[in-house]
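Next up: just one chain, as structure tokens, the form predicted alone.
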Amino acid sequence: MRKFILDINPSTGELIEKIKCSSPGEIASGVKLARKAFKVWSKTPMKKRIALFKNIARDLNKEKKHIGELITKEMGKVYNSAVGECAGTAYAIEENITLAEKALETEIHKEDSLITEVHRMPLGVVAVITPWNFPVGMPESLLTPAILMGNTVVFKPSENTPLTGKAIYDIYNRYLPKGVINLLQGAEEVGEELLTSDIDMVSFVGSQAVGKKIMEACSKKLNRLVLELGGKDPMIVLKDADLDKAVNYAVNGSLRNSGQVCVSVERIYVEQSIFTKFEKMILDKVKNYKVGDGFDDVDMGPMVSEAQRNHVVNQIEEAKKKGAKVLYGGSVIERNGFFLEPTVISNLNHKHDIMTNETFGPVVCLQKVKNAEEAIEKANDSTFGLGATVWTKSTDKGRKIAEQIESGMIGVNQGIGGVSGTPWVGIKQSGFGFIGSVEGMRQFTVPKKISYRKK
């Protein structure tokens, strides 16, 4: 097991800090502390838990500029977006408080004189393993539900954003009793060691490949799982769509956060009669994108690491070799750091890896289709099923198409965001379980029935 991870600034390639990895002994100690704390925390009244989390939300919002700076330094996100992530996450804690209260309500079922109460019981110690692309929002989406529902956690942030992870931990730990949250630092070796420790559940956001490894490891002890995995989100643009709105969404959805979003627009299917016009509008918009250090006045920062940039470049090169046309960008920007040009590729099909495997990079991928039926068929030709969007002036037509798409979250003439309290869910190999709703909260618990007869 390696002893250190190197925290690199992706805008400069320079070392921010050398971070000590948690040793096997420290991992076991963290789990042991969580196990001990669970005995008390699981019996702590919900009102007290909520009061503590209101303090956490307040402090996160108060410290959003400082943590935003850490995010930009560690993974390159444009600074204003990083600060916005922190502010939005503070608000998300408040939403999760409301959901947790509803999720823990005792259900009463009656049948003649028979009464059954269904209570929700916490599971125990939850391992929370989170990614780097939203290094505040993603951890909160797992930490808050797990802890509010009465569990204790052992938290391993991404090795690419260890200081941001530490900042989140410090705020939670400031108010929670000792051992309720425990921090581990390191890369895959630390995660693997944690998976074999005395835990009861794993909650993970990350890639499909790592999710499969976690599921395999958890099968040995039948540990509970919530996995939010990758996506290859399709966008269907029909000939009657509002092209201005569709183009704005296509470009922003493909390039936001340098394309490093699990629900990025990763493949766009456009009806042939409008394809040429749509392609030109895309190019005109992408050409105006400014790339640079996230602290500067730019639209897009660097990619998180050289390895992630290489993956995207390899996909682009493979597509070119198989006949795709790079209409714009596609090259490494020659400067310090891990910058890549925003890229537009056309003449694509499903023989190209970039149309079937997750890219997680700043690429707009365009494929021409004959009609809506072909677009639906192509959209569903994937092991992924996270998000999707449909663009047409007829909302009714869009809804009918959405019902045929094999994804957990679908937007019609908008992104996938929905009403507060609805689930964040992937189907197929994009998820196992889900978060972000009353039922999502309950996945950090098990039901317990108590039945008796009324005299």
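So that there is no doubt, residue numbering starts at 1 and follows the sequence shown. Computed from a predicted model, the values in this text were never measured in an experiment.
Although not depicted, the form predicted in complex with a small molecule is the subject of the following passage.
- Only one of the listed residues (210, 291, 283, 348) places a non-hydrogen atom within 4.5 angstroms of the small molecule in the predicted bound form, and that residue is 210.
- Taking 158, 254, 96, 382 one by one, only a single residue has any non-hydrogen atom within 4.5 Å of the small molecule in the predicted bound form, and it is 158.
- Candidate site formed by 191, 205 and 230: every one of these residues places a non-hydrogen atom within 4.5 angstroms of the small molecule in the predicted bound form.
- The closest non-hydrogen atom of residue 131 lies within 4.5 Å of the small molecule in the predicted bound form.
- Proximity of residue 360 to the small molecule in the predicted bound form falls within the 4.5 Å heavy atom cutoff.
- In the predicted bound form, the small molecule sits within 4.5 Å of a heavy atom of residue 214.
- Under a 4.5 angstroms non-hydrogen atom cutoff, the small molecule in the predicted bound form has residue 187 among its neighbouring residues.
- Contact annotation: the small molecule lies within 4.5 Å of heavy atoms from the stretch 192 to 200 in the predicted bound form, the single such stretch among 164 to 172, 192 to 200, 315 to 323, 108 to 116.
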